[in-house]
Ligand code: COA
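Have a look below at one chain only, the form predicted on its own, in structure tokens format.
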């Protein structure tokens, strides 16, 4: 029995999208020459967990989400699956055999199952947005100067990528796999009719030397290196950007909106587009570029919350009436520079999780903060000498026939529905930050995760399956594992916090027990000993062998514990930035956060089509939960010191 694309989407695509939570990544200046794509593996292999260990953990995560009767059925199914003569043992053997012949037994399956085989739209359902620190542009010069600095900062970062001197990440004492860092520039996802492909143009013998700039739905190729391979400086980049703006004063047909479509639909339209030689050449220039820069106008349909406006602009460009046609969502890195100061990026998730993206952003912000603050000063103190022999920006032309025009109209309708359904609430929580949590000798990530659990329980009166991303980059070519944050301990904690009859000591004990349970699961996950990736491997091994998908994966326990109503990630950054994304399931929430010393930045999403969920309601419940937990921890902490 084959898995449906929608089911794979739920199990893989969105569950892979961001970054390790709980641990703080640190960087060291040792070169990453043995840790990038193409070199011999310098890290241990991803383990294949023991079958019985995984099944025991799995049952524990299922229990809070099912009835006693359902649990008994699940328990019996798991027992048969894990029997020494059962199907689980045979599939386990297949995984162990695959581990002997590959550097990472999951890697090739994962890239397809989690991304390239998924046929839903990238917009909202897959690609996150990353909002940079808010700024204000008063003039077009301000916008173009800032955009030029973003480009220059990225090219400066690219030097480290090209020279393979990107500082190496560590988690504690463990060196982490750095291969993702070398895949984010010059990369593009190519649509297919049934499966997409990924091209790493930056790793080819003749890597790209240009970027693409979008303005009013027009696309321009800009060579960002002059004679002798010297990059353009900020002043030269501003000149090139101004040329683009002057030559695209009126919107054109939004070919870029096709990249927002269902992947099968876009794959067919893509084949149609490429039949024309002019279109084919333009498509290849966009796909090959180092990255794309979208110059946008003012916010369309403002919400009154500038953080939320920025998030929506980065996630979906405000749809057909906004700037969704001024995008190419297949590109891994796509910077967005709005007219009034909204700056950020959206990234296609296939090649990498959050750390390389956040690292790139931090580098850009450092570059900008160390650059001249005004245009006049920049002309005289540009950190780079000018490159010579500049080429004029090249307009990338598209011949749009009637068939393609109809595809564009269909894409507009589909996207309008998706944009209208997504609602977001982004905010800076100022009650306290990670410094207070650390002062109480608790993990900031686990604390925030339990606040999210409590907020959900406060609203819905029941626990929700809860996904949090953990990095498995301790292993060669490692990607992610799921932290199942909903546990028996988290449910007991939520009930305790909402029980007026319990005293503060009892609530504090429930809080610490829940945090300890979360930390233990997170530790297992980063060590490759979680539940979800192992179960996915067993399922895919069965499919690859032409077997029926085992009953375990059709059981209510598996389906309910995998229906992640809370999809969460911690994305720490050195600056006041935050990541945002849509929910994983129709009746769920997305919740991404950046913990700072004395505040926490949150991006929360939900779907309007769900009568059960609302991001503003969740914000209120989350802020209340955080403050209640703060008071419980503080009072108990003070009491213990007396």
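Positions refer to the first chain, counted from 1. Keep in mind that what you see is a predicted model, and the values were worked out from it rather than measured.
The protein also exists as the form predicted together with coenzyme A; that form is not presented, and the subsequent description refers to it.
- When coenzyme A is superposed onto this form from its pose in the model of the complex, 3 or more of its atoms lie within 2.4 Å of a backbone or C-beta atom, and the site is blocked.
- Within 4.5 Å of coenzyme A in the model of the complex, a heavy atom is found for not a single one of 193, 199 and 332.
- This chain appears without its partner; in the model of the complex, the one residue of 445, 169, 407, 348 with a heavy atom within 4.5 Å of coenzyme A is 445.
- This chain is displayed alone, yet in the model of the complex one of 268, 210, 563, 434 has a heavy atom within 4.5 Å of coenzyme A; that residue is 434.
- Residues with any non-hydrogen atom within 4.5 angstroms of coenzyme A in the model of the complex fall in just one of 354-362, 212-220, 289-297, 252-260: 354-362.
- For residue 470, a non-hydrogen atom is located within 4.5 Å of coenzyme A in the model of the complex, even though that partner is not displayed.
- Coenzyme A is not drawn, but in the model of the complex it has no heavy atom within 4.5 Å of residue 314.
- Contact annotation for residue 228: none of its heavy atoms lies within 4.5 Å of coenzyme A in the model of the complex.
- Taking the partner from the other structure, coenzyme A in the model of the complex has a heavy atom within 4.5 Å of a heavy atom of residue 571.
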